[in-house]
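In structure tokens, the next block holds one chain alone, the form predicted alone.
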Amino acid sequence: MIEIRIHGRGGQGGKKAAQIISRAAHYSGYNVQDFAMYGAERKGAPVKSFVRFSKTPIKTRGYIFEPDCIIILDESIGVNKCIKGKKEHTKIIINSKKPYKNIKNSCSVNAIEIAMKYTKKAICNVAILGAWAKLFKKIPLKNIEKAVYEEFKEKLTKDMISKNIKAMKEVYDNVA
């Protein structure tokens, strides 16, 4: 079973990122779970979202304390706080201009800048999924693209969905 924890602030799309990963995993033949944990439900409040996927039925319920991947959409929450419970092999993806070389298995990507380049919006939830796809290699990028379209088809124009996917692909191409 693969477990992912996403940290962000209300309005940054952490919940939607979890839903996209979950849908893409489903398209890839996995059993899935995704859910969010809110404190005060307001824009800017710290939030966490969770995803589990597995080829076998998922019987585990509850929060994810020791994830295989941690995605941090907003480093102002406190990176050290967000990475609590990381395991030896946990991959950590941080939306940041600066590298976090002191954190093992971490990848910093300026997803906000790349998202702004394409969408003119400071929301990097889709763009940062490019880094996740590149590092995890469990879900084909085409399935993530399909999931992005499905999750946003009622909310965004096809042009804006396409711009988000372009941002995601640029992040994918720029991650080593």
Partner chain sequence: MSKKELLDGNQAAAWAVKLANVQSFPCFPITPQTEIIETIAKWKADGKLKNLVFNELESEHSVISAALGSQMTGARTFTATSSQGIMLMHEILPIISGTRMPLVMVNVSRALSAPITLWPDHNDFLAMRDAGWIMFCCETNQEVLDTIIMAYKIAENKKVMLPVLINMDGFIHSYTRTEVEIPDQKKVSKFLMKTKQKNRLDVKKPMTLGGAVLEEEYIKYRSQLHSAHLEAINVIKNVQKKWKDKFKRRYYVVEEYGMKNAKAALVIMGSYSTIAKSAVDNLKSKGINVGIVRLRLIRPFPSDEIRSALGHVNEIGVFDQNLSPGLGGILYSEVKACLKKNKNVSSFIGGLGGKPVSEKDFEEIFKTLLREKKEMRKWVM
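Positions refer to the first chain, counted from 1. Since the model is a prediction, treat every value here as computed from it, not as a measurement.
Another form exists, predicted together with the partner chain; not displayed. Remarks below refer to it.
- In summary, the region of this chain contacting the partner chain in the predicted complex, judged by heavy atoms within 4.5 Å and restricted to 105 to 113, 118 to 126, 133 to 141, 59 to 67, corresponds to 59 to 67.
- When contacts are judged by a 4.5 Å heavy atom cut-off, K146 does not count as touching the partner chain in the predicted complex.
- Interface membership of S22, defined by any non-hydrogen atom within 4.5 Å of the partner chain in the predicted complex, is confirmed.
- Although the partner is absent here, V32 sits close enough that one of its heavy atoms falls within 4.5 Å of the partner chain in the predicted complex.
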